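Here you get one chain, nothing else, as structure tokens; it is the form predicted on its own.
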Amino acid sequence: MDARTYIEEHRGEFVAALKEWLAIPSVSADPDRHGDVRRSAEWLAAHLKGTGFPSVEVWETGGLPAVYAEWPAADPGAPTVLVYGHHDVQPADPAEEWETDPFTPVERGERLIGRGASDDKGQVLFHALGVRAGLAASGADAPPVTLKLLVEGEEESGSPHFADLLRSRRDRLGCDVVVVSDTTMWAADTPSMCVGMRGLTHCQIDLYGPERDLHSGTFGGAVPNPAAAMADLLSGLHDADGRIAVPGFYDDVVEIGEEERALIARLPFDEEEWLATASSGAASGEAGYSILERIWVRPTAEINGMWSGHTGAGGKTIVPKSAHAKLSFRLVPNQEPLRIQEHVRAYVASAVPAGIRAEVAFGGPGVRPCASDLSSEAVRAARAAMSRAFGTEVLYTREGGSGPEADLADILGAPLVFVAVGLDDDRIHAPNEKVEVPLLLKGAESAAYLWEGLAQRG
């Protein structure tokens, strides 16, 4: 029996198991649901044991539990692969916008609707089906690679204990490649591989001038105005070409290669449709780059909010005593959040006039960007496996968002490969989240071919 036939014959069992798991409201951000996050971990552990993994453990983290499973290859010299995903989910709010109960999964045609269906329980579970399909096709008792799964329970809460878990368990997590199944494809009829994710750091800037609001007729035009100083500071973030004007900001940026740029250009991107999705009347950004390049492979500086002085009804003629703004910076591979924070602090200090005091507070160390090496055997094997499963060429994409993937690569010292089948219209983090069941089955088929391909490539 080949892998595809096995997967089709076991589709019903797979969907039934996924529905059972989705019914557990494992919302890590809600303390009242922490018991459910633990139930979710225990459910997955039991399922992986039933799949055949000889070693399955629930790991404590100092927060919410992770699940670890390992299935050694018959050949001790075979490569070792670690699959990463998460079993916690986003809150279901606003509940009134759901067409069904978010934790009572419902099938509608080829779709399965429920919180976590795409992000990330469905994409974790297809690996269990994939390994069984591979064994059925080969007739072997063990996978062709040593297969490890690490499924965390706090990704939707920022993975606060994940890096420490990786360091403390590094002896168990050693691997030759990390496979991440927590991203999306371009479209169901245009399969793609994510090959990078941007990093993130964000801050609040506070500018202080006089000790109190001042009468603008008495003092206006004669003392520095914090609101005006903030306006100047923010307007100076970008130059006329849309480049970030913070000195040193681009020092470590690595340009993408021509191969990747060409594959991105081949994606069937419709600018008008994208603008409609964004509810925007025009595109903007760094000159010399396409929209997709701007949101995937270029760093950004965004003003998330600003406030100062009187904002109520009517007028109030004052020089405000303070002004405030929140900024976020998306980072690309080789940019370090802490270095970017230093550059931003220096920029703010240089931009404020005499008589204005500035404070800059960053929300932690930030999230580091990551990228796959397109020339690596692991990426080539993954692309070949997905192409075989989907029956067509697989293109490359990136993700504009951020996650713990950089920690996986750096702490474990292994390259990243993204094999995922979610879609942008799966409504992850939003009401009525769904997943396309046929794509989950293609994910399982891709995984079965990938372990075979990695073993062959050594």
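Start at 1 with the first residue shown and count on from there. The structure displayed is predicted, hence computed values, not measured ones. So that the term is clear: the rigid core is the largest set of C-alpha atoms that superpose within 1.5 Å between two forms.
Although not depicted, the form predicted in complex with a further copy of the same chain is the subject of the following passage.
Only one of E302, E255, E272, D141 lies close to a further copy of the same chain in the model of the complex, with a heavy atom inside 4.5 Å, and it is E302.
G285 is the sole member of G174, G285, P160, P72 with a non-hydrogen atom lying within 4.5 angstroms of a further copy of the same chain in the model of the complex. Residues of just one listed stretch (286-294, 339-347, 380-388, 164-172) have heavy atoms within 4.5 Å of a further copy of the same chain in the model of the complex: 286-294. In the model of the complex, no heavy atom of G63 sits within 4.5 Å of a further copy of the same chain. Proximity of I428 to a further copy of the same chain in the model of the complex: non-hydrogen atoms within 4.5 Å are present.
Within 4.5 Å of any heavy atom of a further copy of the same chain in the model of the complex lies no heavy atom of H87. In the model of the complex, no heavy atom of S118 sits within 4.5 Å of a further copy of the same chain. Every residue of the trio A228, G309 and G400 has some heavy atom no more than 4.5 Å from a further copy of the same chain in the model of the complex. For the partner-free chain shown, G209, P210, E211, R212, D213, L214, H215, S216, G217, T218, F219, G220, G221, A222, V223, P224, N225, A227, A228, M230 of 204-230 come within 4.5 angstroms of a further copy of the same chain in the model of the complex, judged by any non-hydrogen atom. When two forms of a protein are overlaid on their rigid core, residues whose CA moves 2 Å or more are considered shifted, and G281 is one of them between the shown form and the other one. Once both forms are fitted on their rigid core, the CA atom of D241 lies 2 Å or more apart between the shown form and the other one. The Cα shift for S290 between the shown form and the other one, taken after rigid core superposition, is 2 angstroms or larger.
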